[in-house]
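Only one chain is shown below, in structure tokens, and it's the form predicted alone.
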């Protein structure tokens, strides 16, 4: 009797262990997999004090003339490891045009140019952003100006992240090329739509943004 009991115990234990192992294997096979959600890109709000919107246009067919818009507002989300998920939205008041001459600025605000009363803002909203190389990207979106909305493409340079007054910040620069005739702004423009008139048709807009994380 003692020999049978000693021999039987190990066999029973082996059978029990095998059953538990099979059950555990079945649970691991049948259990649904759980995916870890991807981290969301950081969101930033524009700091209008440390951001700039500068434009360049030909004057008298030869000289480059520069002006700016003060008080840029907006927000964006961006992760250089997942650029396609980035989103950008910006706005600036046409009333805030600044060329360093009050008489000229008043003229730019009237119906000959920006018509600030009827069209109080210039707005941009992104539709896509794709990586080119290094920290350079192509940012596409819709630009609303002077009552018209047109697709535009910007050369986008991601300058990176840092801190300012112990708060995380990010920075980038974007350059957009537009024709003002596409937005029905043709005052002082040459009849052939070139840059040879009193004011050119082609306008370069550079946006430099510093933004604290939200």
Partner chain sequence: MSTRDLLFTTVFPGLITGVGLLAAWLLWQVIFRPAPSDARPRGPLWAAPVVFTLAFLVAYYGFNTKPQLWPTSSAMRFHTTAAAGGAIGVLTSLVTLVPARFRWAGHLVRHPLTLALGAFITLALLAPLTPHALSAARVALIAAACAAWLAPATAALDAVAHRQQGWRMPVVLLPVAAAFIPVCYFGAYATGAQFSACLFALLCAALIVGLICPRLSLEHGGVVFVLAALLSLGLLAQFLNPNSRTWPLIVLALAPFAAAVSLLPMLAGRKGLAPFLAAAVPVVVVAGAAALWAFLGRPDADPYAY
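Positions refer to the first chain, counted from 1. If you're wondering where the values come from, they're calculated on a predicted model, not measured in any experiment.
There is also a form predicted in complex with its partner chain; it is not shown, and the following applies to it.
Across the proposed site, 103, 117 and 191 without exception bring a heavy atom within 4.5 Å of its partner chain in the model of the complex. Of the heavy atoms in residue 81, none are within 4.5 Å of its partner chain in the model of the complex.
In the model of the complex, residue 167 stays away from its partner chain, with no heavy atom inside 4.5 Å. Remark: residue 110 counts among the residues lining its partner chain in the model of the complex, judged by a heavy atom distance of 4.5 Å or less. Mapping the unseen interface onto this chain, residue 186 counts among the residues with a heavy atom inside 4.5 Å of its partner chain in the model of the complex. The chain is drawn here without its partner chain; in the model of the complex, the stretch among 47 to 55, 158 to 166, 66 to 74, 175 to 183 whose residues come within 4.5 Å of it by any heavy atom is 175 to 183. Counting a residue when any of its non-hydrogen atoms is within 4.5 Å of its partner chain in the model of the complex, the hits in 144 to 182 run 146, 147, 148, 181, 182.
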